[in-house]
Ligand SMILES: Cc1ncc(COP(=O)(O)O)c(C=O)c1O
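Next up: just one chain, as structure tokens, the form predicted alone.
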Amino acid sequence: MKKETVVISKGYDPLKYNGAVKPPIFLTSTYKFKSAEEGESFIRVALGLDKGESGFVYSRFSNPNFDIVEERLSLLEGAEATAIFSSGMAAITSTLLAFVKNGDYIFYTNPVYGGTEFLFKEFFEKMGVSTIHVRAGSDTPRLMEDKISSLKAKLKGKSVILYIETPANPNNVMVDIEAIVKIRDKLLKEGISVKVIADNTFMGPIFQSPLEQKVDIVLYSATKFIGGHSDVISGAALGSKEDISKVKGIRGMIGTNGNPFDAWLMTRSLETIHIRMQRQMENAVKIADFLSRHPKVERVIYPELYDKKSEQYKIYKKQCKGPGSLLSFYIKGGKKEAFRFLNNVKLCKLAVSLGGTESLIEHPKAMTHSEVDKETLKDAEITDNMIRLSVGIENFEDIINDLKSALDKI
């Protein structure tokens, strides 16, 4: 089956549930065992103490609604296993806690989502994990290798994470996934424990598949394109059964699980993810073209507008199946002009987040990346005149007219 069929038909059998075509919501916290022996076995498997047949114990560990959306996401991405969470940040935190401890290292690309940056500096650094950023771009693999080489002697016996976000949030810069995977493979041969973790939220599971390029774990803020309607907060981690089992162990231990209703909403949303993201991408291509020609716009960053001879364009064409629907652009002027523009949009919603059916527009420096330090902001070119736009499924002409009207107010 094609993936757009799989996300509607797999993971749920109506005949097991009174013929209900859509899955019911399993609003229960706990589950009855057939026997004491089964209860003992299921609990030990849920806690990661034994391997064997899993079963339902308590909804902090698993729930039928979790299973349905996790199976469909696994099939969509070609993953062995998936774990869903209460938020994207819960997915990131739980996954990293499964693999790093005091004394370990995280090398990550800059910029990342502001909340991720804050997590690295205010949580993992304080628990004794070294977090070292490398500028996102065409030269990321070289810069990352240089950083790693300078610390090679300290990495022996430690766990190392190579954490990438591509395209980067909010400046749409591409990182060569294949090249980062090669760094991992080289380190593994040298006896260093290392994993590549990729945040694929910006492109979503339709336009980029990092698991196909052999990363270890893919992360999502499933609030975005997977949920897709700005009505659910959720996250997801996908990878091998072994890795995701460890992640689920942390999820159950610290309670970062989602809930049945949100899982049910995600199941609903997956049925339309292909047509939603395709429409958003088609709109974004037209809007990026409009903005690139507007006299009050300094420049637009969008994959289809990369210089065709540049390394960024080569990376984009190599690892992406489409340009997605996120674009960033710089207003001519500064914060005053950017705010005046934002205060005059009417159709586009002035709000953080992305990937919803509605167009969402924001000011990264003042909003999504407000907790990021000045040096990191400067390195990532997150400036006072930068705007981020998540294009929705509205008629593209209406979106363009809204943007044009707001630009005219500057």
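Treat the numbers as computed from the prediction; the structure is a model and nothing was measured. Residue positions are given as counts along the sequence shown, with the first one as 1.
This protein has a second form, the form predicted together with this ligand, left out of what is shown; the following refers to that one.
S.K.: By the heavy atom within 4.5 Å rule, which residue out of Ile217, Ile177, Ala83, Ile92 makes contact with this ligand in the predicted bound form?
M.R.: The option sitting close enough to the partner is Ile92.
S.K.: May I ask you to choose, among Thr272, Ser87, Gln312, Ser292, the residue with a heavy atom within 4.5 Å of this ligand in the predicted bound form?
M.R.: Residue within 4.5 Å of the partner: Ser87.
S.K.: Partner absent here, but in the predicted bound form, which of 183-191, 328-336, 149-157, 165-173 has residues with a heavy atom within 4.5 Å of this ligand?
M.R.: So the stretch in question is 165-173.
S.K.: Can you tell me whether Thr223 touches this ligand? I mean in the predicted bound form, with a 4.5 angstroms heavy atom cut-off.
M.R.: Within the cut-off, so yes.
S.K.: If you check in the predicted bound form, is Val69 within 4.5 Å of this ligand, heavy atoms only?
M.R.: The answer is no: Val69 has no heavy atom within 4.5 Å of this ligand.
S.K.: Is Ala380 close enough to this ligand in the predicted bound form to count, meaning some heavy atom within 4.5 Å?
M.R.: Although this ligand is absent here, Ala380 would stay clear of it in the predicted bound form, with no heavy atoms inside 4.5 Å.
S.K.: Is there any non-hydrogen atom of Tyr316 lying within 4.5 Å of this ligand in the predicted bound form?
M.R.: No, Tyr316 is distant from the partner.
S.K.: Using a 4.5 Å heavy atom cut-off, are Tyr113, Ser234 and Leu354 all in contact with this ligand in the predicted bound form?
M.R.: All of them do, each having a heavy atom within 4.5 Å of the partner.
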